[in-house]
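Listed next as structure tokens is one chain, alone, in the form predicted on its own.
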């Protein structure tokens, strides 16, 4: 049974309000199931809340307080909203839609309004509306040793692997309850001993672009054993945050990885010995060019073909990436009848607006969208497509479950080319 502090006991008993008490009941049950002996204080959270598609099981006319109480707090009684934990900086993950561009993203105005009303309710509780799957681009950066919760799998990997923060891939309900109480079970990545690397990954292919790192993450995830903590070693240039973003998103697709040490990058892996705590890892794999080619062929449909729906920005694009897109599209027009959707978060779009990147991109016929992506918005936003091109392995792989049309996967440049020509030109991944 989990041991609670006096404050945690008061929370559980409802002395700090019924809303927080129900959330603490969830956290205590969660800890008991996991076998955690104590809780840790959570100081940062990103939450997948709002009018997300998993709430479609409710009648849209249902009061959100009732929905929130039943779904997130497991309470049959509709509870009044109260403040989330004051010490936990909490904001929203990618959301159900772009608040402004419902026509361009093919979702209903009703969904826009419902999502806004839901988010307003939690904003009054202290949750900031950010709608980003890349919160580190706009200031949500946990420092080494800081405990966090996040419902965005790529953010969990980045926060653990790049910043040295401590958090698990919790479910939506557990993350919400952790943000309300400021507590989560001390287990998994919240425990130092659980972060030691147990699988050595030898990389024997060239890594230059964000696309290369995207494929590498997907490949490592599918090749390594289950329930290990990998450490990546090899002769490759140190990746920047945009490359690491793609890597983190794709390794989380093919594995349950929450922390992937990269020698010379991860704060806990200045050296291989540091990552493994001086021990020989019980598992070891090698990733070759052929392995990455096989991954590419799993994600990208074969051959060439017409494309009328191109989505760039999974995870959301950085300001530097938007600058690159603008430079590539300057003076050009996408093919008539086609769509080019460029995804980022609201804050980064504002900076893109200020720098003129948004105007240049949209002058081509493309649309800069915010806060969501086709996979999260689901079929309504892309059911009209007859051929799709996508730059992120995570989205290209997962959207196949939502469509029967060809899905092509390539880097940003290739996707832009597909939007301009209206077709996908066959390619192979040739890095050695």
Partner chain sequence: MEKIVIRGRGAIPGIAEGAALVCPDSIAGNSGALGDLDGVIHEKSNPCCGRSIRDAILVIPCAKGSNGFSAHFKCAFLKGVRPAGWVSTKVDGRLGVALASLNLPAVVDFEDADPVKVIETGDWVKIDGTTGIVEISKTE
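Source: prediction; values computed, not measured. Positions refer to the first chain, counted from 1.
Below, we refer to the form predicted in complex with its partner chain, which is not included among the displayed structures.
Asker: In the model of the complex, does each of 172, 187 and 253 have a heavy atom within 4.5 Å of its partner chain?
Answerer: Yes.
Asker: Just to confirm, residue 70 within 4.5 Å of its partner chain in the model of the complex by heavy atoms?
Answerer: Yes, residue 70 lies within 4.5 Å of its partner chain in the model of the complex.
Asker: With the partner left out of view, is residue 56 within 4.5 angstroms of its partner chain in the model of the complex by any non-hydrogen atom?
Answerer: Yes.
Asker: Residue 153: heavy atom within 4.5 Å of its partner chain in the model of the complex?
Answerer: Heavy-atom contact with its partner chain at 4.5 Å: present for residue 153.
Asker: Residue 257: heavy atom within 4.5 Å of its partner chain in the model of the complex?
Answerer: Yes.
Asker: Based on heavy atom distances of at most 4.5 Å to its partner chain in the model of the complex, which listed stretch, 360-368, 37-45, 383-391, 402-410, is the contact stretch?
Answerer: Within 4.5 Å of the partner lies stretch 402-410.
Asker: Within 4.5 Å, heavy atoms only, which of 280, 226, 336, 302 is in contact with its partner chain in the model of the complex?
Answerer: It is 226.
Asker: If you look in the model of the complex, which residues in 361-379 sit within 4.5 Å of its partner chain (heavy atoms)?
Answerer: Result: 375, 376, 378.
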